[in-house]
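Take a look at this one chain, the form predicted on its own, written out in structure tokens.
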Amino acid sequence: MACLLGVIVAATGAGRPAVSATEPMAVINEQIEARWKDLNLGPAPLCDDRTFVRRVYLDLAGRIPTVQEADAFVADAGTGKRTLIVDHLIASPEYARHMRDVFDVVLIGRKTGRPQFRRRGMQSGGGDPGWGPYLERVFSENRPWDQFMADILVARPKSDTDQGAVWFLFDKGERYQEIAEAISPAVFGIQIQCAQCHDHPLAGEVKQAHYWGLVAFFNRTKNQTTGKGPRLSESAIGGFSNFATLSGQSHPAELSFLGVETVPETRPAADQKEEDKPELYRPAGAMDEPKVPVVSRRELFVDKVVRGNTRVAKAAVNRFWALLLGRGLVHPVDKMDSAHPPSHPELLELLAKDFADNGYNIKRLVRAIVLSRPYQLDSRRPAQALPESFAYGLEKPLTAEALYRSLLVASTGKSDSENPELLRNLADVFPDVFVEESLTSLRQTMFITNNAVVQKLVRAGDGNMAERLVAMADPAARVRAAFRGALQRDPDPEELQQAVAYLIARPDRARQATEQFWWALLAGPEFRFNH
């Protein structure tokens, strides 16, 4: 593990503002442990090394470790090896790729028939070819979260490498309500659909005026295809509308949003026709780029509503906490309103402040959470412990992409294998990220059981894991190797006894029995969850 020492500086984000005096990991431990004490709750013990290495590879690299990676970690006698492996993974290209996959779904969503990213081609099918690489660079370069949000909301890329930033808005067409309903949970962690026709019935702070105010910030935007690719133009005039309450009263849709003062704007009289004059726009920029209004509503939204808004930092902290610990401090992650109070309000405040004070440093936040005590707890639930206590490791269903890469790692023993057909199928059958409640559907079960691509993975051939297992003469060695390859652990005595008995009872079809046993491990719930 000594070779990992050189990546620590890169992992924590060189060039960012200085780290604050109180490390966020210490804050997490202090706040969570204080709650355990208040609840008179004994937490689960720390997980063992095999559990940790599997957990952290899935959370930071989006795949299980290879047998060699897991064995090397377990064999290392160093006391700081968990810190080293976390820093190594956060600095790796796989971390950026995994975060790209997660936030593609968060920001764009799953679409039927939409091929997912290809590892080598770095291109998204059915969409803007620059979106995937852009997302990957955001996480690889550790761009500040608030700047990332500003870039996709203003959607005027300043460099060729950031062309894909326009895709978040462009993908939604000119459906302005859809844009508003996507922005609010992604940026602020709040669902606002309920406020379309009336003030939110459960969260009184969310008003109907906020819904239509958010729509107004973006309703001058138009999609435009240029020689440089997708772009978003913006008019300097128009976009004035009214909304009606349930009582029939009509109100102007002003530039406003939750907790922010209304942005003043001159509204033309009902009988006044606006004229789209050249002086309303800035001097022409690069050829083929849309003209930019002197007063841009999208820029006003970022400057007046997003920058410095504590809700932005809280929403980001809550989402990364949920991604890594299986549940947000506010649950669900996109309902951060008064009807869903945080389980640890002071911790959320402290982490959000630290996040903002330290330049919205994503890697720093992720590192702190993953090295904290609650992240490293065993998943066996102590008596009386509720999920929101974070007193044990919560099970997390693998995303389609993580399941895809883990199946390939297990079946080939390599971390860079590819199978585009399998990825497309899995993304269609396992679509969810940040689910409120994890339930395995019949369709998902049938897919793992019957899908031809999955079946091919578990059949012996081409030097794959199934073939290596078949070649082992000792059934017990076969079982141990299969458990290490699929689950990164050894079988317990009962599992070993039952599996060996299954294999030796079928001497006339040892190959098929081994393939079926291997399939059972890959298709089982233990493989499909991070725990």
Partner chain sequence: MPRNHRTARDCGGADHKIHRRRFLEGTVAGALSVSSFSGLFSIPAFAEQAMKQQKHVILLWLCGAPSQFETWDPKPGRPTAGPFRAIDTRLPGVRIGELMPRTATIMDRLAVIRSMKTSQKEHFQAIDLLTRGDSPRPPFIRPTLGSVLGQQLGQLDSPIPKFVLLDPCPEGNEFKAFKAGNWAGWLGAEYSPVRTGGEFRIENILRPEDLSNADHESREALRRFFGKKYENDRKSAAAGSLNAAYERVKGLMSCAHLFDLEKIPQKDRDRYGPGAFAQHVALSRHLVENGAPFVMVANGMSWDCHVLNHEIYQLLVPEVDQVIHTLITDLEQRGLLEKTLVIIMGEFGRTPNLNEGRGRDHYPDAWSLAMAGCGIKPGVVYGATDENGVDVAENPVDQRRLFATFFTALGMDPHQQYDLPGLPTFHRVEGQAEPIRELLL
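These numbers were taken from a predicted model, which means no experiment stands behind them. Residue numbers count along the first chain shown, from 1.
We do not show the form predicted in complex with its partner chain, though everything after this point is about it.
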item: Residue stretch of 277-285, 172-180, 292-300, 378-386 approaching its partner chain in the predicted bound form, non-hydrogen atom distance within 4.5 Å; value: 378-386
item: Residue among A70, A482, A499, L60 with a heavy atom within 4.5 Å of its partner chain in the predicted bound form; value: A499
item: Listed residue (N419, T412, N451, Q163) with a non-hydrogen atom within 4.5 angstroms of its partner chain in the predicted bound form; value: N451
item: Proximity of A270 to its partner chain in the predicted bound form, heavy atoms at 4.5 Å; value: no
item: F148: touches its partner chain in the predicted bound form, heavy atom cutoff 4.5 angstroms; value: no
item: Distance check, E395 to its partner chain in the predicted bound form, heavy atom within 4.5 Å; value: yes
item: Its partner chain contact at K353 in the predicted bound form, heavy atom, 4.5 Å; value: no
item: Triplet N223, G461 and I504 all within 4.5 Å of its partner chain in the predicted bound form via a heavy atom; value: no
item: Contacts with its partner chain in the predicted bound form, stretch 511-531 (heavy atom within 4.5 Å); value: Q516, F517, W519, A520, L521, A523, G524, P525, E526, R528, F529, H531
